[in-house]
Ligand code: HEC
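Form predicted on its own, single chain, as structure tokens, below.
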Amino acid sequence: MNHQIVRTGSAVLLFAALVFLVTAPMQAQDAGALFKSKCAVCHAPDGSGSGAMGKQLGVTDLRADEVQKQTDAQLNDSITNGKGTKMPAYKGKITDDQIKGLVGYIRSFAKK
């Protein structure tokens, strides 16, 4: 009886680890796809804000130090609650995990 419990527990842990290993890269890809579908129209695919809509709205370059120096909580707040009258709030439109993924994706724009 104890051996069966140990085997079942081990199988569950192995399955959970496998799911994590498979889904973590997919979440990063999902953040990129989400950025392209929700954010790139204003912020441009590279985060520069150099597209027509970005220039018209005067959006901030996400690669700039002023953005990259913000904390994750500040970026999360901007995405969740919007910014000024131009950036819409995404609270209730995308999940908290998706917002967290977008923050990580924005970090990938950091100028080197």
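Computed from a predicted structure; not experimentally measured. Start at 1 with the first residue shown and count on from there.
In what follows, reference is made to the form predicted in complex with heme C, a form of this protein that is not presented.
Student: Taking the shortest heavy atom distance, is Lys86 within 4.5 Å of heme C in the predicted complex?
Tutor: Within the cut-off, so yes.
Student: I'd like to check something about Ser48: if you look in the predicted complex, is any of its heavy atoms closer than or equal to 4.5 Å to a heavy atom of heme C?
Tutor: Because no heavy atom of Ser48 falls inside 4.5 Å of heme C in the predicted complex, the answer is no.
Student: Does heme C get within 4.5 angstroms of any non-hydrogen atom of Arg63 in the predicted complex?
Tutor: No - in the predicted complex, heavy atoms of Arg63 and heme C never come within 4.5 Å of each other.
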